[in-house]
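Next up: a single chain in structure tokens, the form predicted alone.
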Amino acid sequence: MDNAETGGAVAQMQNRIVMLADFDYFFAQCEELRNPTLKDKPVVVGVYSGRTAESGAVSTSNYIARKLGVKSGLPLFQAKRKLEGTDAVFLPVDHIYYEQISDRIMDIFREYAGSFEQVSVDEAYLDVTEQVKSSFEKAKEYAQKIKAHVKAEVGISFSIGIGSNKLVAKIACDSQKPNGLTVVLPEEAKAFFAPLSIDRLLGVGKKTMAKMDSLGIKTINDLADFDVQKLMEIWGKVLGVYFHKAANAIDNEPVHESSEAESIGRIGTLKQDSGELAFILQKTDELTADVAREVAEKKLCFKQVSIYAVLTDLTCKSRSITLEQPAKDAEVIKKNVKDLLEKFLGESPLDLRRVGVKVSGFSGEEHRQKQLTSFFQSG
């Protein structure tokens, strides 16, 4: 790759502003949210094998436990030894609860992003280029607004990295935790990357790192300066070019929702807390129109309709109904949402703060094509 091509790619990237949001010690933070008395204690969330009371591994630990040497992947028996004599709390993973919290945050992110891509239960990219009019100064203020919204609405803190592409945003985010906010301007990206170890780049594992080390490549700057032709000779054209571009902070991959999404949904905040069906239906009708529009654009049919409710005590509840026949019409969604809400409001002693509408159980031409495409790509 010559300098003109690299310069052109950098110029193109300067028009983009991408955020990566990474939830801090997410599973443990969820447990602290559920039980605030845990906040001042070492908290360890583990995957228990069931063979003995101590067999298994640490999934996540809070920062109090991390300072005492307990990190992800550590065997639980070793974690207990490190925390012996403290008031540490060990808990099993509760994926359903964590996913409920994650879904609420991801729905908020979607409200702020031009393009959105959920990477995992605790990580997502947001392209906010249009929202901040390509201004990194505005992007920082916008990120603070998103962080404040999520903290107030859900109670979870997270770190954000802001850059001109996904790669820069990712490395920026990793540089300051917990509750960090790091902005890397396009003209600063290469210098920001330069002193970092090469294993900070995606795709550089232990074997690749050992090979690069034997070539004298220890930092990202070393990799950026290394002959791209030699990189291609050693790792092949695709990987060699990737390493060269990544080391030069170049990444043109778009931010986009996964094509394998299993549901289509929208969530919104009510103008005021309410338990009145007619008032809540005004919001769900708006959400339904958006959901139905996306269903039509993707030429899908659905078999399940769900509602999602965030109550005034910030607990989240959901209700679903499975249809006898696949449907695609907005009226079907509206009718079932009304039925589900009516029943739910009759059971709930609390008013609703936020409400969501979701459809799933897809069939249709585009869904089948995506499944086939995914199958062939996975081989």
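Since this is a predicted model, take the numbers as computed values, not measurements. Throughout, we count residues from 1 along the sequence that is shown.
Form predicted together with a small molecule: not shown, discussed below.
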Might residue 43 be said to contact the small molecule in the predicted bound form, defining contact as any heavy atom within 4.5 Å?
-> no
Just to confirm, residue 344 within 4.5 Å of the small molecule in the predicted bound form by heavy atoms?
-> no
Proximity of residue 25 to the small molecule in the predicted bound form, heavy atoms at 4.5 Å = yes
Give a yes/no on whether residue 336 approaches the small molecule to within 4.5 Å in the predicted bound form, heavy atoms considered.
-> no
Non-hydrogen atom within 4.5 Å of the small molecule in the predicted bound form for each of 106, 118 and 319 = no
Taking the small molecule in the predicted bound form as the reference, which of 282, 78, 229, 72 has a non-hydrogen atom within 4.5 Å?
-> 72
Which of these stretches, 325 to 333, 348 to 356, 64 to 72, 31 to 39, has heavy atoms within 4.5 Å of the small molecule in the predicted bound form?
-> 64 to 72
